[in-house]
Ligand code: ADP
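One chain is shown next in structure tokens, namely the form predicted alone.
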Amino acid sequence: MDTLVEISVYSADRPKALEAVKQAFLEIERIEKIFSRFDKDSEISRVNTLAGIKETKLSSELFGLIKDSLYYSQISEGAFDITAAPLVDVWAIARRDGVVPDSKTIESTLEYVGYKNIKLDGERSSVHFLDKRTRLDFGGIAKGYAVDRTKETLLSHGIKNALINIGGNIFALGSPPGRKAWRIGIQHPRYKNKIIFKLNLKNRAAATSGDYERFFTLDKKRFSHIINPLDGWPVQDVMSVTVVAATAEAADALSTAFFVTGAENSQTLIRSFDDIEVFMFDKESRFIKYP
């Protein structure tokens, strides 16, 4: 998944724990082979090739995550959108060439970006793209989904206390010995060693979207790697967003949505959830906490 994966397990049975961790990593590899569009043999690569041409059958797992992604797109009014792949590619080329893309390129790409181009058929478990140029990218949700699946794998092997971290997407299962919860620090997005807030997590997930790990510079200007699917440009109004939720999938998708929507415009959407916590740094480095 192009990121660091850490799984920490506490168990009185070392062989059982080692086997659980081994199976957890195998599960992550399995998921990557479904959802990585950079693997030409993955299921999503097949779908990206065919679904714009004809109705394409899906595995239940891929169908489910597309369905979930459409839910997050709808509630965020498109701030979260798995069809942003072509925009991500435009900016990847810009990074490679060291040149900011022109407005016409972005505008023409936006013509075939939009979650409403995805048509799912539940009865046939299939998908069809209304525009043949549409492509899917699960970068804003697949890591969270993988964390949840990893948690289930550990539980199925009798592990009750573990911390799973896939690129900043975390699930805190149970708690470490002698403690009531796992302690997770939220760092300042401009000062790596400065912890602003500490979370106490037990059987909860957390995910962070930020501009400080994968940013890039073009024409002496700093750009976030997270692209706004509504206007085609890297997000500039937020430095980082951390979301605590019941599942890592929800935390992952919502952190991306709130990052794109921005500090002020996210408030209505944030208040529609009664089981999340949100921690945000706006572009002025102001720390905002909800609730």
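Numbering starts at 1 and runs along the sequence shown. Note that this is a predicted model, so its numbers are computed, not measured.
Just so you know, the form predicted in complex with this ligand exists too; it's not on screen, but the next bit is about it.
Using a 4.5 Å cutoff between non-hydrogen atoms, K143 counts as a contact of this ligand in the predicted complex. Put simply, G174 is far from this ligand in the predicted complex: not one heavy atom of it is within 4.5 Å. Within this chain, T256 lines the site of this ligand in the predicted complex, having a heavy atom no more than 4.5 Å away. Contact annotation: G167 falls within 4.5 Å of this ligand in the predicted complex, judged by heavy atom distances. Each of F80, V88 and R214 is positioned with at least one heavy atom within 4.5 Å of this ligand in the predicted complex. Contact annotation: this ligand lies within 4.5 Å of heavy atoms from the stretch 226-234 in the predicted complex, the single such stretch among 226-234, 60-68, 47-55, 242-250.
This chain is drawn without this ligand; in the predicted complex, the residue among L154, V147, A206, A84 with a heavy atom within 4.5 Å of it is A84.
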